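The data below hold one chain only, encoded as structure tokens and taken in the form predicted alone.
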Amino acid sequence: MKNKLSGIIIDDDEDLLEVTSMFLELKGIAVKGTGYNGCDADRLYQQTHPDFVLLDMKMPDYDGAYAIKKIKAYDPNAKIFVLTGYIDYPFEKDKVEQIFPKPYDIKKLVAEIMQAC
């Protein structure tokens, strides 16, 4: 039997974290953890080894660009999906699977995650 697809969600918007987590769980995707900055993303990725990361870019303290560098150094094959209201935010866009501008279509996001993973 195949293991359930799993991910972590990192965003400083608590409402977005809650809604996205609930939707993913309803679609049969396990949410192994949530966090509020790039440091949380790095720690959670190394602790939980998820199939994918949903990551905001502009967050206090440690941003999404920090998380991408740390996660990719740990696992170059990590699948990272960016959810951002700041499309022009400076980060290594070639290191992520896809970028979803906020507000994003959550059904399309789930379809892309399932296809990539």
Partner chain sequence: MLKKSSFLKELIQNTVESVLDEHSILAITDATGNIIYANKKFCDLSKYSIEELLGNNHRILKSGYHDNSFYENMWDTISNGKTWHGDIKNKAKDGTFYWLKTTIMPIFNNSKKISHYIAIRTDITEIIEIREKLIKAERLSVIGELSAQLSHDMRNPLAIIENANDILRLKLEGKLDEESKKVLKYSDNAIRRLSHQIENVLDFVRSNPLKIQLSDINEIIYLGINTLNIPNKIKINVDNKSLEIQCDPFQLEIAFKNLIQNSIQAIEKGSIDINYVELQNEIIIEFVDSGPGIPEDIIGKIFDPLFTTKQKGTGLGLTSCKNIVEQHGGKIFVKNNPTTFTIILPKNIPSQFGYKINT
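Just so you know, these numbers come straight off a predicted model, no measurement behind them. Positions refer to the first chain, counted from 1.
Form predicted in complex with its partner chain: not shown, discussed below.
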Is A73 near its partner chain? Define near as a heavy atom within 4.5 Å, in the model of the complex. no
Might D13 be said to contact its partner chain in the model of the complex, defining contact as any heavy atom within 4.5 Å? yes
I'd like to check something about T34: if you look in the model of the complex, is any of its heavy atoms closer than or equal to 4.5 Å to a heavy atom of its partner chain? no
With the partner left out here, check for me: in the model of the complex, does some heavy atom of Y86 sit within 4.5 Å of its partner chain? yes
Looking in the model of the complex, is its partner chain within 4.5 angstroms of a heavy atom from every one of L26, Y104 and K107? yes
Report the stretch among 87 to 95, 60 to 68, 73 to 81, 41 to 49 that approaches its partner chain in the model of the complex to within 4.5 Å, counting heavy atoms only. 87 to 95
